[in-house]
Ligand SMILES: NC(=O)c1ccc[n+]([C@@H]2O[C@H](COP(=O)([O-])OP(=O)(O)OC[C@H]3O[C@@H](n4cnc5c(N)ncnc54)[C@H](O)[C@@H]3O)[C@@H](O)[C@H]2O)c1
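The chain below stands alone and is given in C-alpha coordinates; this is the form predicted on its own.
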(Lines give C-alpha, C1' and ligand atoms only; values in the text may rest on other atoms or scores of the structure.)
Protein backbone atom coordinates (compact mmCIF):
# COMPACT_ATOMS: atom_id res chain seq x y z
CA UNK A 1 0.00 0.00 0.00
CA UNK A 2 1.51 3.31 -1.15
CA UNK A 3 0.39 6.46 0.65
CA UNK A 4 0.75 10.16 -0.10
CA UNK A 5 0.36 12.78 2.62
CA UNK A 6 -0.36 16.33 1.50
CA UNK A 7 0.79 18.92 4.01
CA UNK A 8 4.01 18.98 5.98
CA UNK A 9 2.76 20.72 9.10
CA UNK A 10 2.43 19.19 12.55
CA UNK A 11 -0.51 16.90 11.80
CA UNK A 12 0.63 15.97 8.30
CA UNK A 13 4.09 15.02 9.49
CA UNK A 14 2.77 12.96 12.39
CA UNK A 15 0.28 11.13 10.16
CA UNK A 16 3.01 10.38 7.64
CA UNK A 17 5.23 8.97 10.38
CA UNK A 18 2.33 6.97 11.79
CA UNK A 19 1.52 5.32 8.47
CA UNK A 20 5.20 4.67 7.71
CA UNK A 21 5.49 2.97 11.08
CA UNK A 22 2.74 0.58 9.95
CA UNK A 23 4.99 -0.56 7.10
CA UNK A 24 3.47 1.58 4.31
CA UNK A 25 5.49 3.34 1.63
CA UNK A 26 4.91 7.06 2.23
CA UNK A 27 5.65 10.26 0.31
CA UNK A 28 5.02 13.69 1.83
CA UNK A 29 4.18 16.86 -0.09
CA UNK A 30 5.10 20.23 1.42
CA UNK A 31 4.42 23.24 -0.84
CA UNK A 32 6.80 25.63 0.92
CA UNK A 33 10.29 25.13 -0.43
CA UNK A 34 12.18 26.05 2.74
CA UNK A 35 9.91 23.93 4.93
CA UNK A 36 10.24 20.99 2.53
CA UNK A 37 14.03 21.27 2.52
CA UNK A 38 14.10 21.31 6.32
CA UNK A 39 11.93 18.18 6.40
CA UNK A 40 14.11 16.45 3.84
CA UNK A 41 17.42 17.29 5.51
CA UNK A 42 16.71 17.77 9.20
CA UNK A 43 13.51 15.63 9.23
CA UNK A 44 11.58 18.43 10.97
CA UNK A 45 10.64 22.05 10.33
CA UNK A 46 9.31 25.06 12.22
CA UNK A 47 5.73 23.74 12.10
CA UNK A 48 6.60 20.26 13.32
CA UNK A 49 5.72 19.03 16.77
CA UNK A 50 8.50 19.81 19.24
CA UNK A 51 11.02 16.99 19.28
CA UNK A 52 9.41 15.28 16.28
CA UNK A 53 11.56 13.59 13.65
CA UNK A 54 10.19 12.42 10.32
CA UNK A 55 11.34 8.85 9.54
CA UNK A 56 14.14 8.66 6.97
CA UNK A 57 12.11 6.31 4.76
CA UNK A 58 9.57 9.04 3.95
CA UNK A 59 10.26 10.91 0.72
CA UNK A 60 9.64 14.68 0.91
CA UNK A 61 8.93 16.78 -2.16
CA UNK A 62 7.39 20.04 -3.35
CA UNK A 63 6.31 18.29 -6.57
CA UNK A 64 2.66 17.43 -6.02
CA UNK A 65 2.13 15.22 -9.11
CA UNK A 66 5.20 13.16 -8.24
CA UNK A 67 4.03 12.64 -4.65
CA UNK A 68 0.51 11.48 -5.55
CA UNK A 69 1.31 9.43 -8.66
CA UNK A 70 0.40 5.78 -8.20
CA UNK A 71 -0.65 6.20 -4.56
CA UNK A 72 -3.68 4.20 -3.48
CA UNK A 73 -4.29 6.41 -0.44
CA UNK A 74 -3.99 10.20 -0.43
CA UNK A 75 -4.15 11.92 2.96
CA UNK A 76 -5.05 15.61 2.94
CA UNK A 77 -3.67 17.55 5.90
CA UNK A 78 -3.64 21.13 4.63
CA UNK A 79 -5.81 23.93 6.09
CA UNK A 80 -9.43 23.56 5.02
CA UNK A 81 -9.44 26.64 2.79
CA UNK A 82 -6.73 25.06 0.64
CA UNK A 83 -8.17 21.56 0.29
CA UNK A 84 -10.05 22.15 -2.96
CA UNK A 85 -7.12 23.88 -4.72
CA UNK A 86 -4.71 21.18 -3.56
CA UNK A 87 -6.90 18.32 -4.78
CA UNK A 88 -7.59 20.00 -8.10
CA UNK A 89 -3.86 20.47 -8.64
CA UNK A 90 -3.26 16.82 -7.77
CA UNK A 91 -6.15 15.46 -9.86
CA UNK A 92 -4.31 14.83 -13.16
CA UNK A 93 -1.75 12.60 -11.43
CA UNK A 94 -4.02 10.81 -8.94
CA UNK A 95 -4.58 7.08 -9.44
CA UNK A 96 -8.00 5.73 -10.44
CA UNK A 97 -10.50 5.62 -7.56
CA UNK A 98 -8.05 6.51 -4.79
CA UNK A 99 -9.02 6.52 -1.14
CA UNK A 100 -8.77 10.19 -0.19
CA UNK A 101 -8.54 10.72 3.56
CA UNK A 102 -9.24 14.23 4.80
CA UNK A 103 -7.63 15.06 8.13
CA UNK A 104 -8.50 18.76 7.85
CA UNK A 105 -11.27 20.09 10.09
CA UNK A 106 -13.28 23.02 8.82
CA UNK A 107 -15.84 24.32 6.36
CA UNK A 108 -14.80 25.76 3.02
CA UNK A 109 -15.03 29.57 3.33
CA UNK A 110 -16.31 30.33 -0.16
CA UNK A 111 -19.03 27.68 -0.29
CA UNK A 112 -19.72 26.47 3.25
CA UNK A 113 -19.07 22.93 2.01
CA UNK A 114 -17.87 20.18 4.31
CA UNK A 115 -14.50 18.63 3.56
CA UNK A 116 -16.19 15.47 2.26
CA UNK A 117 -18.18 17.58 -0.21
CA UNK A 118 -14.99 19.31 -1.33
CA UNK A 119 -13.29 15.96 -1.97
CA UNK A 120 -16.22 14.68 -4.02
CA UNK A 121 -16.41 17.88 -6.07
CA UNK A 122 -12.66 17.92 -6.71
CA UNK A 123 -12.15 14.19 -7.33
CA UNK A 124 -15.51 12.63 -8.31
CA UNK A 125 -14.04 9.11 -8.56
CA UNK A 126 -12.38 9.23 -5.16
CA UNK A 127 -13.49 7.08 -2.23
CA UNK A 128 -13.73 9.84 0.37
CA UNK A 129 -13.00 9.23 4.05
CA UNK A 130 -12.99 11.82 6.83
CA UNK A 131 -10.62 11.15 9.74
CA UNK A 132 -11.57 12.98 12.91
CA UNK A 133 -11.77 12.76 16.67
CA UNK A 134 -9.97 13.94 19.82
CA UNK A 135 -6.29 14.10 18.95
CA UNK A 136 -3.37 16.43 19.55
CA UNK A 137 -0.52 15.83 17.11
CA UNK A 138 2.02 16.16 19.93
CA UNK A 139 0.42 13.33 21.89
CA UNK A 140 0.04 11.04 18.89
CA UNK A 141 3.69 11.67 18.03
CA UNK A 142 4.65 10.67 21.57
CA UNK A 143 2.80 7.38 21.20
CA UNK A 144 0.12 8.20 23.76
CA UNK A 145 -3.19 6.35 23.34
CA UNK A 146 -6.05 7.96 21.41
CA UNK A 147 -9.15 7.03 19.45
CA UNK A 148 -10.41 8.47 16.15
CA UNK A 149 -13.24 7.79 13.73
CA UNK A 150 -12.99 7.18 9.97
CA UNK A 151 -16.26 8.17 8.29
CA UNK A 152 -17.25 7.25 4.75
CA UNK A 153 -20.25 6.17 2.71
CA UNK A 154 -17.88 3.51 1.34
CA UNK A 155 -17.53 0.93 4.11
CA UNK A 156 -14.53 -0.69 2.44
CA UNK A 157 -12.66 2.61 2.29
CA UNK A 158 -13.34 3.31 5.96
CA UNK A 159 -12.14 -0.16 6.91
CA UNK A 160 -8.99 0.31 4.84
CA UNK A 161 -8.18 3.53 6.69
CA UNK A 162 -8.90 1.78 9.98
CA UNK A 163 -6.33 -0.92 9.22
CA UNK A 164 -3.80 1.46 7.68
CA UNK A 165 -3.73 4.00 10.52
CA UNK A 166 -4.92 2.02 13.52
CA UNK A 167 -2.70 0.19 15.96
CA UNK A 168 -2.21 -0.70 19.58
CA UNK A 169 -2.01 2.94 20.66
CA UNK A 170 -4.44 4.45 18.13
CA UNK A 171 -7.89 2.92 18.05
CA UNK A 172 -9.93 3.82 14.98
CA UNK A 173 -13.67 3.30 14.72
CA UNK A 174 -15.66 3.52 11.49
CA UNK A 175 -18.85 5.43 10.73
CA UNK A 176 -21.13 6.04 7.77
CA UNK A 177 -22.27 9.46 9.05
CA UNK A 178 -19.96 11.62 7.02
CA UNK A 179 -21.92 14.84 7.51
CA UNK A 180 -22.07 14.42 11.28
CA UNK A 181 -18.35 13.73 11.58
CA UNK A 182 -17.50 16.70 9.33
CA UNK A 183 -19.65 19.09 11.34
CA UNK A 184 -18.26 17.83 14.65
CA UNK A 185 -14.67 18.32 13.52
CA UNK A 186 -15.32 21.81 12.20
CA UNK A 187 -17.61 23.31 14.84
CA UNK A 188 -15.75 22.11 17.92
CA UNK A 189 -13.04 24.64 17.04
CA UNK A 190 -15.54 27.49 17.14
CA UNK A 191 -16.96 26.46 20.50
CA UNK A 192 -13.40 26.12 21.86
CA UNK A 193 -12.78 29.81 21.10
CA UNK A 194 -15.89 30.71 23.11
CA UNK A 195 -14.81 28.47 25.99
CA UNK A 196 -11.34 30.02 25.92
CA UNK A 197 -12.93 33.45 26.34
CA UNK A 198 -15.09 32.14 29.17
CA UNK A 199 -12.08 30.74 30.99
CA UNK A 200 -10.02 33.84 30.27
CA UNK A 201 -12.63 36.01 31.95
CA UNK A 202 -12.65 33.70 34.96
CA UNK A 203 -16.34 32.82 34.69
CA UNK A 204 -15.81 29.45 36.34
CA UNK A 205 -16.04 25.77 35.57
CA UNK A 206 -19.83 25.72 35.77
CA UNK A 207 -20.05 28.30 32.98
CA UNK A 208 -17.51 26.33 30.97
CA UNK A 209 -19.57 23.15 31.28
CA UNK A 210 -22.73 24.98 30.24
CA UNK A 211 -21.02 26.51 27.22
CA UNK A 212 -19.63 23.15 26.09
CA UNK A 213 -23.04 21.52 26.48
CA UNK A 214 -24.93 24.20 24.60
CA UNK A 215 -22.21 24.25 21.97
CA UNK A 216 -22.72 20.54 21.46
CA UNK A 217 -26.45 21.20 20.93
CA UNK A 218 -25.60 23.75 18.21
CA UNK A 219 -23.32 21.28 16.50
CA UNK A 220 -26.02 18.64 16.55
CA UNK A 221 -28.63 20.96 15.04
CA UNK A 222 -26.39 21.86 12.11
CA UNK A 223 -25.32 18.24 11.58
CA UNK A 224 -28.94 17.07 11.36
CA UNK A 225 -29.82 19.91 8.99
CA UNK A 226 -26.97 18.79 6.71
CA UNK A 227 -28.15 15.18 6.72
CA UNK A 228 -26.16 13.86 9.66
CA UNK A 229 -27.24 12.05 12.79
CA UNK A 230 -27.53 13.75 16.17
CA UNK A 231 -26.14 10.64 17.88
CA UNK A 232 -22.82 11.06 16.03
CA UNK A 233 -22.23 14.25 17.98
CA UNK A 234 -22.20 12.20 21.18
CA UNK A 235 -19.23 10.25 19.88
CA UNK A 236 -15.55 10.80 19.23
CA UNK A 237 -15.94 13.33 16.42
CA UNK A 238 -18.43 15.36 18.46
CA UNK A 239 -18.29 15.33 22.23
CA UNK A 240 -14.85 13.71 22.37
CA UNK A 241 -13.14 16.26 20.15
CA UNK A 242 -15.17 19.12 21.65
CA UNK A 243 -14.08 18.40 25.22
CA UNK A 244 -10.44 18.02 24.22
CA UNK A 245 -10.34 21.20 22.15
CA UNK A 246 -12.21 23.25 24.74
CA UNK A 247 -10.11 22.18 27.73
CA UNK A 248 -6.69 21.08 26.47
CA UNK A 249 -3.86 23.58 26.72
CA UNK A 250 -2.46 22.33 23.39
CA UNK A 251 -5.61 23.59 21.65
CA UNK A 252 -4.83 26.53 19.37
CA UNK A 253 -8.49 27.54 19.22
CA UNK A 254 -8.77 27.61 23.00
CA UNK A 255 -5.63 29.78 23.05
CA UNK A 256 -7.30 32.23 20.65
CA UNK A 257 -10.20 32.62 23.08
CA UNK A 258 -7.93 33.07 26.08
CA UNK A 259 -5.97 35.75 24.22
CA UNK A 260 -9.13 37.61 23.18
CA UNK A 261 -10.16 37.69 26.84
CA UNK A 262 -6.81 39.31 27.63
CA UNK A 263 -7.61 42.06 25.15
CA UNK A 264 -5.22 40.99 22.40
CA UNK A 265 -6.20 41.71 18.80
CA UNK A 266 -6.84 38.81 16.46
CA UNK A 267 -3.85 39.60 14.18
CA UNK A 268 -1.58 39.64 17.24
CA UNK A 269 -2.94 36.34 18.45
CA UNK A 270 -2.57 34.56 15.11
CA UNK A 271 0.93 35.93 14.55
CA UNK A 272 2.05 34.64 17.93
CA UNK A 273 0.49 31.21 17.42
CA UNK A 274 2.37 30.66 14.17
CA UNK A 275 -0.20 28.03 13.16
CA UNK A 276 -3.66 28.26 11.66
CA UNK A 277 -6.52 28.09 14.16
CA UNK A 278 -9.29 26.62 12.02
CA UNK A 279 -12.07 27.96 14.24
CA UNK A 280 -11.33 31.55 13.26
CA UNK A 281 -12.44 31.12 9.67
CA UNK A 282 -15.00 28.43 10.41
CA UNK A 283 -16.91 30.70 12.82
CA UNK A 284 -17.87 33.12 10.06
CA UNK A 285 -18.58 30.38 7.51
CA UNK A 286 -20.69 28.35 9.95
CA UNK A 287 -22.67 31.41 11.00
CA UNK A 288 -23.49 32.19 7.37
CA UNK A 289 -24.45 28.56 6.68
CA UNK A 290 -26.67 28.54 9.77
CA UNK A 291 -28.43 31.71 8.69
CA UNK A 292 -29.00 30.35 5.20
CA UNK A 293 -30.43 27.10 6.55
CA UNK A 294 -32.35 28.76 9.42
CA UNK A 295 -30.45 26.84 12.12
CA UNK A 296 -30.22 28.52 15.52
CA UNK A 297 -26.53 28.80 16.50
CA UNK A 298 -26.13 31.67 18.99
CA UNK A 299 -22.68 30.73 20.30
CA UNK A 300 -21.26 30.48 16.79
CA UNK A 301 -22.86 33.80 15.91
CA UNK A 302 -21.28 35.59 18.88
CA UNK A 303 -17.86 34.06 18.21
CA UNK A 304 -18.06 35.25 14.59
CA UNK A 305 -19.02 38.74 15.76
CA UNK A 306 -16.11 38.88 18.21
CA UNK A 307 -13.59 37.63 15.66
CA UNK A 308 -14.71 39.39 12.51
CA UNK A 309 -16.94 42.34 13.40
CA UNK A 310 -15.03 43.99 16.22
CA UNK A 311 -17.46 43.06 18.96
CA UNK A 312 -15.71 42.91 22.35
CA UNK A 313 -15.46 39.34 23.55
CA UNK A 314 -16.96 40.21 26.94
CA UNK A 315 -19.98 41.79 25.24
CA UNK A 316 -20.42 38.66 23.15
CA UNK A 317 -20.46 36.46 26.26
CA UNK A 318 -22.80 38.84 28.08
CA UNK A 319 -25.23 38.75 25.17
CA UNK A 320 -25.26 34.96 25.34
CA UNK A 321 -26.06 35.11 29.05
CA UNK A 322 -28.81 37.66 28.43
CA UNK A 323 -30.73 35.49 25.97
CA UNK A 324 -34.32 34.69 26.87
CA UNK A 325 -34.73 31.54 28.92
CA UNK A 326 -36.63 28.72 27.29
CA UNK A 327 -37.05 24.94 27.46
CA UNK A 328 -33.80 23.09 26.87
CA UNK A 329 -33.42 21.74 23.35
CA UNK A 330 -30.70 19.22 22.60
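These numbers come from a predicted model, not from an experiment. Numbering follows the first chain given and starts at 1.
Unshown form predicted together with the ligand; subsequent notes refer to it.
By the criterion of a heavy atom within 4.5 Å, residue 77 is counted among the residues contacting the ligand in the model of the complex. Heavy atoms of residue 137 reach within 4.5 Å of the ligand in the model of the complex, making it an interface residue.
Within 4.5 Å of some heavy atom of the ligand in the model of the complex lies at least one heavy atom of residue 104.
Mapping the unseen interface onto this chain, residue 19 falls outside it, with no heavy atom inside 4.5 Å of the ligand in the model of the complex. Listed residues 305, 261, 276, 69 were compared with the ligand in the model of the complex; 276 is the one with a heavy atom within 4.5 Å. Across the options 158-166, 214-222, 192-200, 80-88, residues that bring heavy atoms within 4.5 Å of the ligand in the model of the complex belong to 80-88. Applying a 4.5 Å heavy atom cutoff to the ligand in the model of the complex picks out 252 as the lone residue from 237-258.
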